[in-house]
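Take a look at this single chain in structure tokens; it is the form predicted alone.
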């Protein structure tokens, strides 16, 4: 099956909108089984030099592909809009069945268009469908300009060079839009495994007995480690205070929280051996002497449990890693299925940022 394509240099938003409508109509006239998908707009503001890299990432999201993808590729030298529109389905419709059409628009624009972003994008988003913003190369000014069109914004606090500022920025954005943070999505399997470890009724009482938590992370992903501690603190109602820096590594942190029963020792440690993005390991210890460690390893998460009687058990939890393509896909999905635990965790993580 060939895609329906259109492109034009020195174009206008009105011409792009007209091309989208005509291409969708053409596909439907070819076969009545072709119908446009209508679940999510996604607007990406990117540096034009990295358009290929971003396109590769978006191709890996699989079934979480947005209904209409609008890519604004910024090249400060451009003086006119250049656009390319593509309307395609993953397969031809079988007799009596439907095939969803997904639409993508790539617009190359320049510095002179930065004050008109809202005017350019407004005619192109599908009305009555949620809109997600994403700017993987920074450009906070573009997010601010397009925010009136959107309900949610996709960020990655771990990708920012200064994680303290990243968490502050996430809090500021959360006042205006629903925030999907890839630094939160990436460690979701870790949260799920920790929650599962205390899911049995006989284990739930031990949640109140947690006395120490150590989070190990890739040196560039301190934000994910802080968010994990923030999640524990918000769910277990710990009182927290700013952590302190230990040693030469700015992301080696330690401090204490206060649960209803006792103090909880907190530690965040960078692991220079870890090449994969995100967390490298988590260890939780209770006042009764039980401990649980999860560490990234071949085949999944390697679990090590020690009971209060000193008995030890080791096993591997399969399928914990989803890869960066899977993480981005889950982030797009979360724009529709909202996670209400992120913002409380973000607030607690921000309280733990060293003074």
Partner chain sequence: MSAAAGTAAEIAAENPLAAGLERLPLAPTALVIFGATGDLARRKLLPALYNLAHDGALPERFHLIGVARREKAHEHYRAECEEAIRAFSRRAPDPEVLSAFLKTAHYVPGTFDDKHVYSRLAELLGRYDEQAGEPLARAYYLSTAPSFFPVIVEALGAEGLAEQSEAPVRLVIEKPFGTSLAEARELNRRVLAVFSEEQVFRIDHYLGKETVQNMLAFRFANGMFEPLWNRNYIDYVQITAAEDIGIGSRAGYYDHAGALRDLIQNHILQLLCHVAMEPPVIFNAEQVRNEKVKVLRAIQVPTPEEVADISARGQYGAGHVGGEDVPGYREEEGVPEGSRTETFAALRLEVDNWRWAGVPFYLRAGKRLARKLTEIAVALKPVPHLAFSQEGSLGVRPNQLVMTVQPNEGVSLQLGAKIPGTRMSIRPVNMEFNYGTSFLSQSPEAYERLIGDILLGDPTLFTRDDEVEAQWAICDPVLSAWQQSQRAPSAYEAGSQGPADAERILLPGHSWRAI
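Residue numbers count along the first chain shown, from 1. The term rigid core refers to the maximal set of C-alpha atoms that superpose within 1.5 Å between the two forms. Quantities reported herein were computed from a predicted structural model and do not represent experimental measurements.
Not on display, but discussed next: the form predicted together with its partner chain.
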Its partner chain in the model of the complex reached by all of 51, 54 and 172, non-hydrogen atom within 4.5 Å: no
Of 87, 154, 232, 222, the one that lies within 4.5 Å of its partner chain in the model of the complex (heavy atoms): 232
Candidate from 46, 58, 327, 37 lying within 4.5 Å of its partner chain in the model of the complex - any heavy atom: 37
Segment that reaches its partner chain in the model of the complex - one of 104-112, 146-154, 274-282, 185-193, heavy atoms within 4.5 Å: 185-193
Residue 336: touches its partner chain in the model of the complex, heavy atom cutoff 4.5 angstroms: yes
4.5 Å heavy atom contact, residue 305 to its partner chain in the model of the complex: yes
Proximity of residue 29 to its partner chain in the model of the complex, heavy atoms at 4.5 Å: no
Heavy atom of residue 100 within 4.5 Å of its partner chain in the model of the complex: yes
Heavy atom within 4.5 Å of its partner chain in the model of the complex - qualifying residues of 189-220: 191, 192, 193, 194, 195, 196, 197, 198, 199, 200, 203, 204, 207
Core-superposed C-alpha of residue 329 shifting 2 Å or more between this form and the one not shown: no
Residue 62: Cα shift of 2 Å or greater between this form and the one not shown (core-aligned): no
Core-aligned C-alpha movement of residue 297 between this form and the one not shown, 2 Å or more: yes
